[in-house]
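In structure tokens, one chain follows: the form predicted on its own.
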Amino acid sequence: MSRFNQIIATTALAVAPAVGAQSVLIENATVHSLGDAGTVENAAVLIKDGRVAQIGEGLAAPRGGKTIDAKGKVVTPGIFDPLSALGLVEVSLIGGTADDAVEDTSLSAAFDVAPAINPRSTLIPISRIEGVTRALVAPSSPSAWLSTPPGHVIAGQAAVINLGKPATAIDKRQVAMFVTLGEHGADFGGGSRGGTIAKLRAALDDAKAWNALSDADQVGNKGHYSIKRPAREALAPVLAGNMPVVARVHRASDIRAALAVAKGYGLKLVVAGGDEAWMLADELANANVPVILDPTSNLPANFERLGARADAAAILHSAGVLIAFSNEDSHNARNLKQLAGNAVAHGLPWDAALAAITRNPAKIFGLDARLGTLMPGYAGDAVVWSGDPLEVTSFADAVVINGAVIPMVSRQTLLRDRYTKDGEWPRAYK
């Protein structure tokens, strides 16, 4: 086996946790539980059978388990990326490694990303050794200039994964339905935002009418619909309010149009992107619509982002909007803590910033009863940080996913060591 292939094989093996379902005690730490326990100094977190068992002082080390001394360090829940393509995209410009978008307009809402997720992607260890333990894996809409036809306003269904053992990587399928509005969305409506909204309404009307039919009436039904039967059926939980609709949208007027559609059909809306969402902070809060945003997106990258500003997260939070952070860059999901730190620098309270990358994503997607906090009964996801996790100079010293201590190894660390350290193989051996 060549040295290069050995590195790839070692990285793939590193995806599987080095430790199974043993108990783990993290002691002597400052613990930010984001739950009822709040922040506890000089405390311990005991994880058993993959779940948090206790938080407190003076907890006994588990027999046969692992103890991590976190003296002088900080422990938080694992980071949850609420908008990623982890496991779907390996190299963005190589089509054979990108499974996040479909050009077939007949699929639309029926497109489910889960079967395409690769839990052995080399991007997963890169992200998890820096504290990312969960991620929402989302579909995207294709670029119109690359696709004929250009896809559909409804991009498809997302899944939530954990970044631990490959065999159990998918936590939940069909977690959210994604739609693309705004400037990019206009590509799917004949070149106009108005056309896109009309197309979205037509799809929702078709699904509503179809799902109102009895089974007998559906048999042999030859009615004209704008979307195929699988897509109509996939929209049933959306219309019932059981599956949130995540709209990728930035401009304030486009967000208001999305709010009108959501109100008209009783949809559970989530805004993703939302550079100008701060302009509608009160409306979003009153409608109970969360916003997933990038706090570092503070420049007018195009005409739909002219109102971008650095303190947008603070404005939304002050108005009562539930916020979460993502840069929608699976190659840099590890930078989520930096996004949170930037938001703090522009007025967001520290606790709210930490929640925006841990507890809030779980809440947005209805998983906050078992993810996002360090409380008894919750998933055993914890990160030991060398210092303040929102500081760029702090790093993850240990990561636990589902109660398993993961190896702090990725393809990048292996390549770093290959070129900087002497060992079994000569330095830079090929």
Partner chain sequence: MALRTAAVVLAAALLAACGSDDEASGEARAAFASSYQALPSKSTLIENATILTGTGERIDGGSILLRDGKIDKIGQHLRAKADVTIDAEGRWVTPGLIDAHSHLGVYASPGVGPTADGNEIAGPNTAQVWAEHAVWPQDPGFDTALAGGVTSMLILPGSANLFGGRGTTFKNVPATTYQAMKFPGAPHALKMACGENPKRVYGSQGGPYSRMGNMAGYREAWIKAKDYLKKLEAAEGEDGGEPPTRDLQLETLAGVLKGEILVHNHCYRADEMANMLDLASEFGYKVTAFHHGVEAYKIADLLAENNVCGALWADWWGFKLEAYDSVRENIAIVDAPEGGCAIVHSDSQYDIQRLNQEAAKAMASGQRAGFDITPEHAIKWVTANPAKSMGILEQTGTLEIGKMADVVIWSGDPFSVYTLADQVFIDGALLYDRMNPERQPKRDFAVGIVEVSQ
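Positions refer to the first chain, counted from 1. The structure presented is a predicted model; accordingly, all values stated were derived computationally and were not measured.
Note that the form predicted in complex with its partner chain isn't included here; everything after this is about it.
Peer 1: What stretch, of 332 to 340, 151 to 159, 107 to 115, 174 to 182, brings heavy atoms to within 4.5 Å of its partner chain in the model of the complex?
Peer 2: Comparing against its partner chain in the model of the complex, the contact stretch is 332 to 340.
Peer 1: Check for me whether its partner chain, as it appears in the model of the complex, comes within 4.5 angstroms of all of Ile126, Ala301 and Arg416 - heavy atoms only.
Peer 2: Every residue of the spot touches its partner chain in the model of the complex.
Peer 1: To verify the annotation, which of these, His346, Arg193, Lys228, Lys165, has a non-hydrogen atom within 4.5 Å of its partner chain in the model of the complex?
Peer 2: None of the others qualify; the residue that does is His346.
Peer 1: Quick one: is Asp368 in contact with its partner chain in the model of the complex, heavy atoms, 4.5 Å cut-off?
Peer 2: Heavy-atom contact with its partner chain at 4.5 Å: absent for Asp368.
Peer 1: When the contact criterion is heavy atoms within 4.5 Å, does Trp278 count as touching its partner chain in the model of the complex?
Peer 2: It does: once its partner chain is placed as it appears in the model of the complex, Trp278 has a heavy atom within 4.5 Å of it.
Peer 1: So in the model of the complex, does any heavy atom of Gly307 sit within 4.5 Å of its partner chain?
Peer 2: Judged by the heavy-atom cut-off of 4.5 Å, Gly307 is in contact with its partner chain in the model of the complex.
Peer 1: Though only this chain appears here, would Thr122 touch its partner chain in the model of the complex if you measure heavy atom gaps against 4.5 Å?
Peer 2: Thr122: yes, in contact with its partner chain in the model of the complex.
Peer 1: Check each residue of 359 to 395 against its partner chain in the model of the complex and list those with a heavy atom within 4.5 Å, in sequence order.
Peer 2: Heavy-atom contacts within 4.5 Å come from Asp388, Leu390, Glu391, Val392, Thr393, Phe395.
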